[in-house]
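Below sits a lone chain in structure tokens, taken as the form predicted alone.
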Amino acid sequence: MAKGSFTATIGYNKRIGKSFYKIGLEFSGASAEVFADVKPGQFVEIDLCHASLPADNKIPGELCDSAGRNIILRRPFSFSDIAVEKGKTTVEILYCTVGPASLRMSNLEAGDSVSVIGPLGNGFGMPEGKTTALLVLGGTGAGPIIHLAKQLKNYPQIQKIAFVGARSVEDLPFEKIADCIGAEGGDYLAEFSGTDTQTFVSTDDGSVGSKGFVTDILYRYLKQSGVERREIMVYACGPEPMLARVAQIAESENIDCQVSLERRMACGIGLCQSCAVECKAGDSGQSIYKMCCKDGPVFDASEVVF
């Protein structure tokens, strides 16, 4: 797939929770064609060094000390959705304000422009020969998984079930959290609308869904499911401890699994080598290092050393 440096226009930038936002990057002309076929799990590097800070009274207290730091390097962001029209492609990014760069990103308005490099990395592989896709997500890991669920609409024979986890209801990156979600979930979140994806929600504090880790409900589902293990593909994106547990469960159940990793990716093309991922070198017992930005960010879970 072609990639390069492009200018994107901000179509919208809306807050959807305590610190979560959805931003739409619009591309036209040749760049629209480049971004029309982005795969779930791929990402862009955005230059935010020229973006301005919000007003002082809109800066979260926990970011006051770091807000004024200079932004030198680009920041990587994965896609959560894509809309292709004649002559225009809009990619949506789900993000959280966690530092000075994403804080500036939250201050961008419709009509502003940003410099991006992309599309970058390798995305999720489609589940050929599978009947069930189990989608596991935590925090902003929701973005690539939502994008994946929408792509899986092209595989109507695949049953899709999402396992959504967060520390509390305030940490769920969704616009609407249904009040009817019970102890074991089983409802349909709006972000998965039109994808026929059933969702099970868990929070560490039990403020919505079941209480506990999202990997617990994944494990319980597998133990109760009668689906042949060879027919299942697990996809996961979120905090690395969650991914490590998902990989462990997949290995113990002999299930294929793909994980999308997060690293500090300064260049996005494998040159700076700041995003090394330790991987297994076959059956030798030795390790090799791959670049998250270039070889990933999606890896076969069985090859990653967690």
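For clarity, every value in this text was computed on a predicted model and none was experimentally measured. The first residue of the sequence shown is number 1, and the count goes up from there.
One more form of this protein should be noted, the form predicted in complex with another copy of the chain, which is absent from this view; the next part is about it.
Contact with another copy of the chain in the predicted complex, defined as a heavy atom within 4.5 Å, holds for exactly one of A32, L261, A244, A51, namely A51. The listed set M126, V84, I71, V98 contains one residue whose heavy atoms approach another copy of the chain in the predicted complex to within 4.5 Å, identified as I71.
Heavy atoms within 4.5 Å of another copy of the chain in the predicted complex belong, among the stretches 166-174, 88-96, 219-227, 71-79, to residues of 71-79. Another copy of the chain is not shown here, but in the predicted complex it comes within 4.5 Å of a heavy atom of R104.
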